[in-house]
Ligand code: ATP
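Single chain ahead, written as structure tokens, the form predicted on its own.
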């Protein structure tokens, strides 16, 4: 097997080898190259110690010397070069207490998580595949290297990584590996929220965000997203739906593009339905105010998972308005854009479409026609450059001060009144006209 690797990576291998050391590209870059995917980075493993690596290359960064890693800089690109190593005991369920360097490539590959990530490659010697990673790739299987219980005991994050890789690659998780996940999922309590967030986002942004179902079935989500488990267990006895809340969420994520904010919005848009569910005398379920409560719950969840404020703000606002249904007419749409926000309104339209398509066929044609009409009105608002916020209002606070108004809260109230007027009468968004109307007022 011949893989194409970057010339700089090959140069690093050559320099290490001509100085008497072994060296291979290793791990994810090998896996992705075999699968025809473009690797994000190229990692190198070697028998040289970190000090020996630093002696051979002029420009290096001490990335993680305690773990044997030095980043070698070549033409402004960094390549992580890590010494063959054997991990000591894992005491915190995440990190080895100590790392011992070894001269054996086999020992280094043996400590890796999954067979598809435990392959090494050299341009001359070819592929080193001691744990049948190629077979598992051909069978589309995620399998632990060695004993799954040992691998997951060592590092609990591997539990979530298994599902993430399966979602990214469309692979299934091998039976014993899945059993290990199910048995040790509670160990995810040892993993920081930041690391869980990273894996969750990669899973959600993958071609198969619905593989979160596997995380539920194996007890993973119970540890960091128990609210989702309740969704999976909540029926929706209403003609508008044909799935449980959780299955509706999974289908809706598949129906929207793989953008972080959009996928998180779909994950959490109905998160409050289990707590807001009410069943009437006829047995029909209602979920009134679930969007408002969902906004609060989503904020709590996203903060718990250490998401940044910008992501939290966008996702929770989209959740708050995901059920907002303006009429397909210009006035109604202008008010909706003002209410939801100019930046978020295009995303809101995508959320509404995915939400609708993940429901039952009940009144589908009517719902689709309304949404199409709203979308067309929105594009006309843009084309006609109609004012929908203070940002494009023809009058500013300075104009009011020049007209004799004193700075203070009253200015804001006057500007809001002017905006309300322009939302009703877009043709009046003219400085002189608005100031004249103000005088009449």
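Positions refer to the first chain, counted from 1. As the structure is a computational prediction, the values presented were derived from the model and not from experiment.
One more form of this protein, predicted in complex with this ligand, exists but is not displayed; see below.
- Although the partner is absent from the chain shown here, none of 222, 226 and 293 has a heavy atom within 4.5 Å of this ligand in the predicted bound form.
- Between this ligand and the residues 143, 263, 164, 334, the one pair within 4.5 Å by heavy atoms in the predicted bound form involves 164.
- Note on contacts: among 413, 40, 55, 376, the single residue with a heavy atom within 4.5 Å of this ligand in the predicted bound form is 40.
- Looking at 325-333, 226-234, 130-138, 153-161, the stretch with residues near this ligand in the predicted bound form, meaning non-hydrogen atoms within 4.5 angstroms, turns out to be 153-161.
- Taking the partner from elsewhere, residue 355 is found to have every heavy atom lying beyond 4.5 Å of this ligand in the predicted bound form.
- This ligand in the predicted bound form comes within 4.5 Å of a heavy atom belonging to residue 27.
- Looking at residue 32, you'd find a heavy atom of it within 4.5 angstroms of this ligand in the predicted bound form.
- This ligand is not shown here, but in the predicted bound form it comes within 4.5 Å of a heavy atom of residue 112.
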